[in-house]
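There is one chain below, alone, in C-alpha cells, taken in the form predicted alone.
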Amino acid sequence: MDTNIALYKYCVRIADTSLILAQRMCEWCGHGPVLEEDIAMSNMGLDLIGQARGFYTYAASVEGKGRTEDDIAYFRNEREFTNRCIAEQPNTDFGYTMMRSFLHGCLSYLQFRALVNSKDETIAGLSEKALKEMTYHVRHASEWIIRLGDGTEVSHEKIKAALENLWEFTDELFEMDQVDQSLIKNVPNGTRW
C-alpha cells in the first residue's frame, strides 16, 4: 500500500472514531446527572471534535484531491466510516458512557503518547494536543468508575455490566491491519514516521 494512502486512511480512522464518540458524548448535553457533569461531557465531546477536525484536515491535505475536512467527515455513507466500534455504542446509562470513555481514552492516550514522537510534524503536533485532552478524559472517567464501583449496589452492578459489555469491543483497539503495517514498513531504519 502506498504510504500516502496509508497515512490518509490512518488519519481518517482516528478522526472517524473521534467524531462518532464526540456525537455520543454530546448526546448527554442537557441530560447529565448533574449540571457540572453535563458540561464536562459536552466539553469532552468538543475535545474529540477538535481532534477529528485536525486529523480530517490533515487527511485531506495528504489525499491531495482538494477535499476539505467537511467533505471527508460528512459526505460519505455510514459504511465508509472506519471508526472503532466502541465509539458508536449507544449511551445506555451514565456508567456505561464513563466506561466507554475510559477504555477509549486509555488506548488513545497510549497512541497519542507514541505519536508525539512522529517524524511527521503534523501528526506529532495533533497528537501533542490530543494527549493533553486524553489525559483529562482518562482521569475524569476513572474517577467516576471508582465512584460508581464503590457506590451503591446498583451503581456497582451497572459499572460492572458496562465493563463486561464494552470489553468485547477492546480487541479491535489492538489489531493491526494493512494500513498500520504499511506505515511501519515504510519507516526508514527504525525511525518513527
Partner chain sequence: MGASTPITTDAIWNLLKQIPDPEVPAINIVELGVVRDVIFSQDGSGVEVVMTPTYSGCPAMKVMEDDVKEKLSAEGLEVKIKIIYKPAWTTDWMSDETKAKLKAYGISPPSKLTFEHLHPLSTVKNAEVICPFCDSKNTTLTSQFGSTACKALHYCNHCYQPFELFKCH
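Residue numbers count along the first chain shown, from 1. The shown structure was predicted, so the numbers you read here are calculated from the model rather than taken from an experiment.
Although it is not shown, the form predicted together with the partner chain is what the next lines describe.
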query = Of 148-156, 60-68, 162-170, 127-135, which is the one stretch near the partner chain in the model of the complex, taking non-hydrogen atoms within 4.5 angstroms as near?
reply = 127-135
ask   = According to a 4.5 angstroms non-hydrogen atom cut-off, is Glu143 in contact with the partner chain in the model of the complex?
value = yes
4.5 angstroms heavy atom contact with the partner chain in the model of the complex for Cys26 = no
inquiry  = Would you classify Gly50 as touching the partner chain in the model of the complex, given a 4.5 Å non-hydrogen atom cut-off?
reply    = yes
query = Within a 4.5 Å heavy atom cut-off, is Tyr109 in contact with the partner chain in the model of the complex?
reply = yes
Three-residue site Asp93, Leu103 and Met176 fully in contact with the partner chain in the model of the complex at 4.5 Å by heavy atom = no
